[in-house]
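Below you will find one chain, with nothing else, as structure tokens; this is the form predicted alone, and questions on how it binds or moves follow later.
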């Protein structure tokens, strides 16, 4: 079965959403919440009889029950990073609704079809990626949420804190989960591929460091007497970057904050975050150890104290081999790619749910900025391919 999805209409809705909310859809904020309400209105108009619910973990579900409870899940996320682009995440949600409408035009089919908008995939506010999907799969606990300082905000948006650690009932019958996303890197564009299957995601260790020294006047404290945490942090950051290169991984410092942050003072404290990624678990662990050693050594050289906190971790994830092979065939062959960025499909796979992804190329490999873009011809082909794969899985195991 090949559902006739109106790719042009999906793209038009993505453009409209970007005009409304642009790069302001950070999870738990007002523009994000408003865009989700628009999504509910759109789904009601597009898919007559669709069942819509918010689960106990702030995720949105759009469901058309089939003759069997066995479920095909099409899912991604509406939220974006601050200043993000028009496709990251939200492409998969609107394409999923388009496929849902096409698959159920003549009424319910064999399998139940569901679309989910996972809450807070990006993790920009609390440093915890894949939050909604991890809560739904029981992987995010109350202790973790409390440690992130996120409980009050999540509760305001309908998260039932006492149910953290449980699994969403909506996942009980999911037999296959698919996600359409942009690549966010340069591989597909360089290869001239309009879409490709994805075999899995890199592992991640996300850390927060805080170096504490002694505040002082910029013009009165001799250099030899300083306990400067900013200088120590700078040395540590450079060494962590070198370690990422040396281990063929990725090391990114996305946030640096000094206190007090004024031009004429030596800071008392300097905090920074480190995001480490690698396709191999052993080398990811080695990279984490190298980052810790670099911070400790820099702090000691400059007479500073150092604190380290693990914000989040996930080992490298391989998607379901059978689904990946079907995705390879649907995309016309070619080797599947490994995703450097994380996706909610990784949280599902980690929980034992068969999952796979399809990527569309990113122009210049650019994402997480307003310059993010994909050629509409490539988007249309990726949407059609995603629909073809979903159509096959809607009627067969």
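All figures in this text were calculated on a predicted structure; none of them were measured in a lab. Positions refer to the first chain, counted from 1.
From this point on, the text means the form predicted together with a further copy of the same chain, which you will not see here.
- This chain is displayed alone, yet in the predicted complex one of 249, 85, 98, 109 has a heavy atom within 4.5 Å of a further copy of the same chain; that residue is 249.
- In terms of contact with a further copy of the same chain in the predicted complex, the residue from 154, 164, 267, 294 that brings a heavy atom within 4.5 Å is 267.
- Not displayed here, a further copy of the same chain is kept clear of residue 91 by more than 4.5 Å at the level of heavy atoms in the predicted complex.
- Shown alone here, residue 237 lies within 4.5 Å of a further copy of the same chain in the predicted complex, counting heavy atoms only.
- a further copy of the same chain in the predicted complex is not approached by residue 42, whose heavy atoms all lie more than 4.5 angstroms from it.
- Within 4.5 Å of some heavy atom of a further copy of the same chain in the predicted complex lies at least one heavy atom of residue 368.
- Looking at 142 to 150, 171 to 179, 111 to 119, 224 to 232, the stretch with residues near a further copy of the same chain in the predicted complex, meaning non-hydrogen atoms within 4.5 angstroms, turns out to be 224 to 232.
- Residues are counted as partner-facing when one of their heavy atoms sits within 4.5 Å of a further copy of the same chain in the predicted complex; in 195 to 211 these are 202, 206, in sequence order.
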